[in-house]
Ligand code: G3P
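Shown below, as structure tokens, is a lone chain in the form predicted alone; questions about how it binds or moves come after it.
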């Protein structure tokens, strides 16, 4: 399962990229707006930090098919082939996905709340679909169950489209979808850090360090190996 950072703060991305096996970064207009900076500059900084080998998701903002297609072409031109254009899973968006598929521009159907939205995006040629797990929960439905149903639809119909699970409240939601075998998730820094935020883990690491120091008076193995 691929793991993405759902953030546009440069310091946060730099820290997580340094520590974890991250596959890339996802952004949207709201995430970019929270930085308070020029979006073009922020996106270029992100691309510079993550390099060309990791994937960057950037959302097309135009409201109609023609504008979405033009947005996507420009995004792909500026940020390179390892960039995926997020497109809202609505009628104008489905049409744009079909056009861009023929042009070899990679897309992700986003703002997905229902399995049928995901089905239409996959059928239109999207490489990913991004269901919003926690937002679905907040509407009174079951976000994790919805994502599992989407995965079942893709498997049953042979669609070569990955799910990019998004909008997570906690790491247990991620764990359930990881266990189910979905293609990717994108998480906030807090959720990613919570994968290993555990008092028992911290205590065990401290015990090992303390015991080694008592035994050798040293803080590292390299200090005792001659």
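Being a predicted model, the structure only gives us computed values, none of them experimental. Positions refer to the first chain, counted from 1.
Missing here is the form predicted together with SN-glycerol-3-phosphate (G3P); even so, the following discussion is about that form.
Checked against SN-glycerol-3-phosphate (G3P) in the predicted bound form, the candidates 148, 73, 135, 101 yield a single residue with a heavy atom inside 4.5 Å, and that residue is 135. Residue-level contacts in the predicted bound form: of 65, 194, 35, 167, one residue has a heavy atom within 4.5 Å of SN-glycerol-3-phosphate (G3P), and it is 167. Residues placing heavy atoms within 4.5 Å of SN-glycerol-3-phosphate (G3P) in the predicted bound form fall in a single listed stretch, namely 159 to 167, out of 195 to 203, 65 to 73, 159 to 167, 42 to 50.
When SN-glycerol-3-phosphate (G3P) is considered in the predicted bound form, residue 55 lies well away from it, no heavy atom lying within 4.5 Å.
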